[in-house]
Ligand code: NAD
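Next up: just one chain, as structure tokens, the form predicted on its own.
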């Protein structure tokens, strides 16, 4: 009998998770889907999937709240107070929410408490502050006329959240949609529903009935019914590129506006002119934080040739010392992957790299000594060119691909040679190099000499297959509002009096 370590659940999850329509109607009469704890592989709950009828109930609740309820016309000061209270609720319940997130995702409990829940609360605070400073538009350049532009809420927003950081990313969508007066139907991933189900229940205490609704289930069932519903007015999705294409195709049939935050295969570019130790720390954080499961991951590590061998050697040495294990322990640095199927997909890329002429540098195996959980060793490969599939496909795990380069232009060309364009990282203390790279890189975000840093006032999104539209302060205002232009004469203008004299 194997003497595996124990990974006790940090919380007792609900035995059954259901959706909400309005503030009291419980949904979920469909198929029951298992929810697993990634650290042990054991089933810990079931999710009641919402079919088209349940989705219809939730959307109609949101529709009624928008058309008949107080929320869209609520004075800004009152809406700000509600948003601030939502943030306070997250702070008051951060420990419970973090534990529920941990048992469904396998993310590190420490990181969930300190970063994810703090970010979730701040999302509401940010948009409360943002709408308090909204400015109007007035134009009177045309003689005799006054023109104003008002921004009004669009309607019912379908918000589809991913499995890799459910609360942090979903609350960005919820807070923005609510701040501008919309009502919402949220669909979490069927793999990670626990924390968001609890959060929605908590927020029902302060939100008017029907303003925030929850549906659960798989994309082809619940998601398809949601995006095709005739009462959905706009869609915000974070997830995979292929799913994003399907959603946009369905939305296009009704000309429903969408924002899509999709995949990435981001280049982390290390120049010889970089602060070596900071660049090494940044490269490790860029690929191994969040258990490697993030669209922002610096998964292609491009290193200038004079320092390539030494940098890769130091990276491997550090990667092999990363502490893999129980996501609830403060000393753990890498937890389990989110599901068994995803773990196997990540590990299969080792053979893919070899088939493309690459070599395994470190890792590439399941941690069998940790029991039945979905643990893998931090992995890195070296490939002969950027055409290798591990340099082109989004792996979405703790799996780095190394490539050397010789010149600034070559680094930019390799970085841009991808279907994606979400983020790029540049490590250099040589200002001309930094300026050249920031101008040449084809990505929505360029981080210089820093790992991931999100400024919520700035637009966030990607080029090419990394998405459509942006999130952030002004970008969210543009998406979640309709512009209405009103023109008035200052004095009665002279009018042509058609037909006065007859033919």
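Residue numbers count along the first chain shown, from 1. Model, not experiment: these values are computed from the prediction.
The same protein also exists as the form predicted in complex with the ligand; that form is not shown, yet it is the one meant from here on.
- For the options 404, 162, 364, 371, the residue carrying a heavy atom within 4.5 angstroms of the ligand in the predicted bound form is 162.
- Site annotation in the predicted bound form: the residue of 328, 246, 386, 352 reaching within 4.5 Å of the ligand with a heavy atom is 246.
- Here the chain stands by itself, but in the predicted bound form one stretch of 89 to 97, 219 to 227, 114 to 122, 375 to 383, 219 to 227, has heavy atoms within 4.5 Å of the ligand.
- Taken together, the three residues 190, 261 and 295 all come within 4.5 Å of the ligand in the predicted bound form, as judged by their closest heavy atom.
- Contact check for residue 424: every heavy atom lies farther than 4.5 Å from the ligand in the predicted bound form.
- In the predicted bound form, at least one heavy atom of residue 237 sits within 4.5 Å of a heavy atom of the ligand.
- Using a 4.5 Å cutoff between non-hydrogen atoms, residue 36 does not count as a contact of the ligand in the predicted bound form.
- At the 4.5 Å threshold, heavy atoms of residue 271 stay clear of the ligand in the predicted bound form, well away from it.
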